[in-house]
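One chain comes next, on its own, written as structure tokens: the form predicted on its own.
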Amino acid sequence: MTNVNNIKITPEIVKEHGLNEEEYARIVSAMGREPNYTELGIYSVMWSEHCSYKSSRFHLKKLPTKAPWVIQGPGENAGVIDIGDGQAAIFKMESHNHPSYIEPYQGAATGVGGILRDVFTMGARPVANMNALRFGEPDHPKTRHLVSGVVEGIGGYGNCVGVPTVGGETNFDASYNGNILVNAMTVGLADTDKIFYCAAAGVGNPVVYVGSKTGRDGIHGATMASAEFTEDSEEKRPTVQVGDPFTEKLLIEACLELMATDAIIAIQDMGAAGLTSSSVEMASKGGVGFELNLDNVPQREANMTPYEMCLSESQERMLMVLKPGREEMAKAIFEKWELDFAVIGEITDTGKLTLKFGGEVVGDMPINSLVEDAPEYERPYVYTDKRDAADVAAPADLNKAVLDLIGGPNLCSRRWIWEQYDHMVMGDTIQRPGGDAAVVRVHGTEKALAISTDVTPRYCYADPQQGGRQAVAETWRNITAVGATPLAITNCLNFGNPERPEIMGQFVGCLEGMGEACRALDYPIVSGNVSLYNETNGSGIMPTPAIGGVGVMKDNEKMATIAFKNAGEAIVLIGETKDELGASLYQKQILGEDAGAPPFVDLDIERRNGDFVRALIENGQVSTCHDLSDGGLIAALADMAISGGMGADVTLESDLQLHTSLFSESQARYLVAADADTAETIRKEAKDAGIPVAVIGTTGGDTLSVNGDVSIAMSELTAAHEGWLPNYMAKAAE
């Protein structure tokens, strides 16, 4: 076996490791000598964009992260919020974009596996998975292949591990042709007094490796995720990890069994950068050193080098610090679950990560240098120019425009996707995919968690600040629309190359808007992930700061859904419709244009209207509610009619042109349905609160009709809505 540490470090090797000359000089200065090859590899992953957030840390610090119900904000494996009764919700969202483009099945599957580990490593049993997916334009030659592989990977992993995939979002746009987005979110439940953290403690305490064996898969995955794609990116398949959901299921059960004892001092999953990042993070948080004997690392392949063992991203592995004397008891648990268990080192007081292999020291690095010395760049940025209002034309045929929108790639039913996911396993899913938010019962209680993922990249591209506001407000609205109180968010910040000032300007603008919305809505950020360099040959994605929101419903019996439930009920529009067709889905998909300012997000009005609607649901006044977003009023009406299997007769009285009233994407709006007397009460209550309100129609019949100008049979509307995705994917098999 070649001793890789004998390899001479040249400028070319430094560059291959994603480090520039200045960064390498910092490493030499921190170590007081040149690093060997293994040490260079460790620095390269720890200082990568993916692990160190070197382009984003400065701006992330500005985000609001605290509230009385926040137990743990950013900085741990996942965020933790108090949901009452001694219970906590633990959740996070992560990206697996680059691997999923190269190898869609394994990229998506291991994205799910990684986010599950982030949650159960803190002591939570995972109860729900969500996702946010972005693919290229439908007629791009790779899109069907990527959709098929990603959906199969998410379903294959989540279904086998026994955690329901309860919702998410899927959209198509040309900006993702060379760089799809696969963002995975997991929510778990734990007792507030049984939450586990990663800070190592106790000099001499054993460092223990558990789970699967280490192989050569995923080496330099974190570094790959910190670079742009080029034509030869397909050659990066070896950097994509391979997942085994059945092993993950065993790992969940073994960890939770050990967590029921008092043996664990600290625990961390081996995610990006594998053994390196887990040991460095645990030691750094605890202010201690680690000495690891790499000969003891369980290995799947022969003749693995220290470099490979430290940088491997093989899946289903965890690192723990145990109390002395508990090793045999812990080992018995993991062997019972047929998992590897190995004591691979101990805590030291040196403040260093010391690596031994074959009786020799093969790495010796100061922990603080690996973490604290990582570069932090205040990259130059320019804000996106504000757009003027757009004059958006009416369609040539209103009925056809509605059908094309409802039956098009971005508003069609996602049933083809979610029917491949087991969304009912565990028996607590009480609102299935297709509504405003997924709802999962807190087992054995009347409470439920409401979960939503959302962002509108068109808005973020047109006006990053408004787009950032809207992404947060949209998840807040989705959670509100089912009757839950939104409590906190996680995020996945997907952007292009931060070294380009206009891209960095998008990032800064979106974060400013997100921060404003989080403060106004008492909706802090408790965890998240940044994914930069989502570019191929210099062409970046639209800015896509995906938001995952979590809220709590006290009484799940009062949950609202989007479906019209009874014929003859009044349809009530809450909120004001304005001439806001700029950056709308109608403008882009029907007219093929992208111009004008996106809708303005007035956060005070969002709060006022949302609190009003939530009170209606909590008071039992309405059980049918839908927020308005992409596609505007007509899209929301179509969703409610299709879901309920009945039409509606709507009359709009407005100074706006009819196509503007139908397709405007003005914010802070909801539709509710109720009997006539209740609708009149709602109208009066809203008016007294200064909230714009109008009774606009009646449910029932087999046609969706608006002012006589739109008249579409429900059978035709439903066929268009349900047919697009299965018809599109069927062509992949031809």
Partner chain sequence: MKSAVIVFPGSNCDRDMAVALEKITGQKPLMVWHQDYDFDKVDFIALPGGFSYGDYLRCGAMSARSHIMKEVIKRAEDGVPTFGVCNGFQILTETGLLPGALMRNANLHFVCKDVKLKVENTDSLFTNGYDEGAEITIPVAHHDGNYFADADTLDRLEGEGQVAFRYADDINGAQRRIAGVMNAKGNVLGMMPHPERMIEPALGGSDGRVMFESVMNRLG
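This one's a predicted model, so the numbers in the text were calculated from it and none came from an experiment. Numbering follows the first chain given and starts at 1.
This protein has a second form, the form predicted together with its partner chain, left out of what is shown; the following refers to that one.
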Stretch in contact in the predicted bound form with its partner chain, which is absent here, among 429-437, 455-463, 637-645, 588-596 (heavy atoms within 4.5 Å): 429-437
Exercise: A200 in contact with its partner chain in the predicted bound form, heavy atom 4.5 Å: no
Its partner chain contact at R117 in the predicted bound form, heavy atom, 4.5 Å: no
Residue contact check: R441 to its partner chain in the predicted bound form, 4.5 Å heavy atom: yes
Any non-hydrogen atom of H145 within 4.5 angstroms of its partner chain in the predicted bound form: no
Listed residue that, although its partner chain is not shown, lies within 4.5 Å of it in the predicted bound form (heavy atoms), from L403, I605, V425, L658: V425
Interface residue in the predicted bound form among F612, F172, W416, Y381, criterion: non-hydrogen atom within 4.5 angstroms of its partner chain: W416
Heavy atom within 4.5 Å of its partner chain in the predicted bound form - qualifying residues of 152-174: N159, C160, V161, G162
